[in-house]
Ligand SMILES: Cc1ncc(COP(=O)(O)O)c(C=O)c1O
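Consider the single chain below, provided in structure tokens and representing the form predicted on its own.
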């Protein structure tokens, strides 16, 4: 049966990009997944960064059962009680003021699409400034604002999209520049390029507070403060795509709190549903009222669905009850310390960076030149999987070879130790193999 289903996957499924494993997968629990041979694999990507509180958490299973007893789906004009409750919990217990109005959809791409539509209707403009290394989704507007990868072959992007260089502390624009100076240069260059090219219709600045797809890049606080000021000066809406930074992963409720800068619109997704398709676009009363009066619509078949809303409430309750934000800080510090110790043993680890349990490890051929070691990145990622550890490798030639490591907030010390031991073994074995004469 296993062989037959693997053949079926090859024959009948569209290959949709990214890493594709030979195995099929049968179940998942906590920090592990199981393949069709029964092998247990540590999942240090939390699924697609979505299993915030671990795979198949009992509270999420209960939420799904409750939805089965009450409602899975309704006409989009009918607001389920659970959706109203989720909006209330977010506004009262989580969101920074003045953000309190939520639109619930299914994916981060949808949430960003809605955010950009809100910004354009609110400002009357259409021009959007995004970051190099950004990832915002695959639909029209969100894909146009995505500069990390996957831009070729699909025809023209939406008009009015501009890119600002991302502040990369490890690879600054000018060799030797401090993080603060590098961030200032990125900001000044990006804004000058935008101002010079603008048609006079500015609408939004959109960015991930920590650029995950760009290689887990953590800008200085001054960069966020500068963007806030620049957006205000130009009459632009500031949008934070908090798909991967929200709800505790970085040791804070949101990236907005981590940097002390509140956006006008925030998009939420991966970390809200705990593995189910739930996303949200949140904004202020003032913006919501303005666009409502102008006729804003984002009317889809699965807007405000009750099933994912039940899961979202379960995720938020569990994060609070189990104090998982503090745990993300504690386990993030522990994992970072273990990875930094690994860096001392392996010269090919050029940089360890991140926040909480969103960590990037950059592999280089030489620490002085910082030439990206893509061959080693690919080989070690494969070997780690063979040894029982799954994580993601960022393979863009211009942005380095970076492991993105993001286990569930519930990960244990034992699981961290096992993962680091596998990383150590894989690095040693692959370097030895590459050193052999051809």
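These numbers come from a predicted model, not from an experiment. Positions refer to the first chain, counted from 1.
Quick note: we don't show the form predicted in complex with the named molecule, though the next part is all about it.
- Proximity of residue 270 to the named molecule in the predicted bound form: non-hydrogen atoms within 4.5 Å are present.
- Of the heavy atoms in residue 149, none are within 4.5 Å of the named molecule in the predicted bound form.
- Taking the partner from the other structure, the named molecule in the predicted bound form has no heavy atom within 4.5 Å of any heavy atom of residue 169.
- Of the heavy atoms in residue 254, none are within 4.5 Å of the named molecule in the predicted bound form.
- Of the candidate stretches 321-329, 359-367, 128-136, 69-77, only 128-136 has residues with heavy atoms within 4.5 Å of the named molecule in the predicted bound form.
- The listed set 144, 284, 338, 107 contains one residue whose heavy atoms approach the named molecule in the predicted bound form to within 4.5 Å, identified as 107.
- Along 219-256, a non-hydrogen atom within 4.5 Å of the named molecule in the predicted bound form is carried by 241, 243, 244, in order along the sequence.
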